[in-house]
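This text opens with one protein chain seen in two forms, each one given by itself as structure tokens under the names structure 1 and structure 2.
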Structure 1
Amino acid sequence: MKHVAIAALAAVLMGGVAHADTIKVGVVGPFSGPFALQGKNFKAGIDAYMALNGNTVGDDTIEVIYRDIPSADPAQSKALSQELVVKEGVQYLAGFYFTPDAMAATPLLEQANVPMVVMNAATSAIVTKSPYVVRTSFTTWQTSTPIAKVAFDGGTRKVISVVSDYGPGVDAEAAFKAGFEAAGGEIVEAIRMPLQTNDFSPIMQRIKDSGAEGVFAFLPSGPTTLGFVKAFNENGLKAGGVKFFAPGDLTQESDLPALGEAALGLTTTFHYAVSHDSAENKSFVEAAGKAIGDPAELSFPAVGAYDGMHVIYKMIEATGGEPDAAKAVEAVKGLSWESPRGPVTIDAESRHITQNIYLREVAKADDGTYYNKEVQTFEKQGDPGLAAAK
């Protein structure tokens, strides 16, 4: 079956090369279900890029085809990616919100001669699975390492780490531990909470009993962060002077209206804040806000998708629209540009994005809304996760 599929694919590609004037990009992401908001952000970022840069490269027209995976489902991801390549004849695969989904589709790339641009999935190892993977988002290691330095420099020496018990949570724990202990701090305890936790009061009691001066937290963005931050305040930890450190997943812009007052003053490190002050970001936010409908729903996956499209456009430019994955990936290695999040580069060796990581504080704007205010910049951060895995 597989051979038939590949033969069919080869036939399609060979027949299509000579007159290829429509280049298809297949985007896999959560467009319905509990994570639909993040999929919506993918689409907003892609629409924004095409609105600002047109839908043609040279004389080729770009067409984006979307495929929906409501929650992490590797088998379905592989099936949909294969369908995109074989039936739709896409020249590029992109999107992928969850790590397992991205991992599952990587074995197809070399056989199909298709590059993959990961627009979100944040586990370091994905880029090692195939030489045709390029990532324009971030890794949990990349965003969690700087906060350890912030914590130590702020005078905190004893920290308790509290993370959700799943892949990215464990990554965040390891990244913070490595950074904080290297600086000379001490992790007094490391707690892993089940993903389905609704009531965080017992966890807060644990934090209190541990005698730590600060807490490092990681939870997936969404409903649980609200409960966690509220419990932190209500159980008297904030009032008791316990410091709060986390990567920016916890204070993503679309959750801030709900978090509101409770999140005020939280410090997080992340690669992108919608409030980032630059001309590129201003035009991006305007275009993406228009694409998504309600600008308050705009969040970080949009910028990953926007830059992902930039990379794909550059690949198409380099190959002249011919399907040549190796040449396409080679062309973007070391590529630098000014992204809405700041200056970025595709690292030639890892094919992961090197970017600024910002320390932000949740602040209240004049119109009563809450936003992440960037207060410090860590320039040109690579991915420490790959080095740690070696």
Structure 2
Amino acid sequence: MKHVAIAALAAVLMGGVAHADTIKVGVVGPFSGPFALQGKNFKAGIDAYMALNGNTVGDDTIEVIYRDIPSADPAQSKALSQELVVKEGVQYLAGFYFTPDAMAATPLLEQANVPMVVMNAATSAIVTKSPYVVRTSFTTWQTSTPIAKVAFDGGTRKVISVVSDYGPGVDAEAAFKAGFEAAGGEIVEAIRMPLQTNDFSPIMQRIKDSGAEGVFAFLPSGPTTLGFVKAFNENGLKAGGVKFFAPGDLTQESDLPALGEAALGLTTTFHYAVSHDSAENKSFVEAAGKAIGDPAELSFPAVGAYDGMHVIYKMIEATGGEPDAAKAVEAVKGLSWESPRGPVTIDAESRHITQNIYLREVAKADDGTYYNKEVQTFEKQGDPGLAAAK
């Protein structure tokens, strides 16, 4: 039955999706529920790109169709992706905030003749699941590896690792461990929490009891990261001198007003800060700020979506608007451009994005607002996790 269903899907797709004046892009993400702000950022990045670059490529008009997955749900992701392709006739799939959702949709791509542009999901292995996957976000290996060097070079020798127990969390744990131990540091304990964890007091007690000088943490951005950082401060770890190391998910800009003074001085490594000083970013922040409504809600998923649309536009241009996934993906291998985050390239072999990773420190601006201040640049970082994913 499985083979019959796939064959039927292929027949509908190959016969039913013909070149038209309107090219549809299907975006799957969390547009309601606890992670709705991340979906809102997807839409803000897409709207900003289309506001600055128009809604046409050649003679074709681009239409974006959204589908909502409030939290990680692989079965729903696959069903909605199939619906977008079969019923809506989309020529491109994009978005995917959570790794399990992106993974679940990859088996559809080759039969459907549809590329996928991952705008957030951060497990290294996603790009290995289909030759039609391109990523414009980051991976947790890519953003977590530099912070290990920062921790060791700053004098920390013993760290406890605390991560959410799913693909990106496991990747983040492995990346930090590899970098920190290679430098000469010791991971005294590694804790993996269920993805739904929201009471962090027991975790904070384990950190205290471990005797570690620092904690490395990764959780998916949203209510959980805000809760974790609050608990770190409220349980006295920051005041007690325990150093905090994490990728930038833990201090996303939209959380900083709620964290306030407690966030000051927290260091993270990440691919983007809203404060990034460039002409491209100023234009992006202005357009995305208008699109999202409240500029204080602007965060990193918006830039992944913005650059994702750039890649999709280039694919459409290269194929003349025709449905040809192989040609579309081939056209963006090695593509380089100046993103709001800095110079980026789609690696020709992996189809993952090469980019600068920045060491950031939470600082307070003259107007009293908090922001991630870039203090160091790790240039042209690929994804160290791809070797581990093979």
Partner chain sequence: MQTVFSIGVDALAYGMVLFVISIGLSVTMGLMRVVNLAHGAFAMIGGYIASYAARDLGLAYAFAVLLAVFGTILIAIPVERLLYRRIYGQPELTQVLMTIGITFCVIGIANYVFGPTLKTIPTPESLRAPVSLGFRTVSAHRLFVIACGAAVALGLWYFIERTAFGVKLRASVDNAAMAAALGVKTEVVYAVSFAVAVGLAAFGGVVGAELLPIEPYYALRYMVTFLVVVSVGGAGSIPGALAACLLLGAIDTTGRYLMPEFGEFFFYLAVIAIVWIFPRGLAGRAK
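Please note that residue numbering is based on structure 1, beginning with 1 at the start of its sequence. Just so it is clear, the model here is predicted, and its values are computed rather than measured. Basically, rigid core = biggest C-alpha set you can superpose within 1.5 Å across the two forms.
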query: Form selected (criterion: the form predicted on its own); finding: 2
query: Selected hinge residue, from Ala105, Gln355, Ser144, Ser299, for two rigid parts turning between structures 1 and 2; finding: Ser144
query: Smaller-part rotation in degrees, where the chain is treated as two rigid parts between structures 1 and 2; finding: 10
query: Backbone CA shift between structures 1 and 2, Val162, after core fitting (angstrom); finding: 2.5
query: Following rigid core superposition, Cα shift of Asp199 between structures 1 and 2 in Å; finding: 4.9
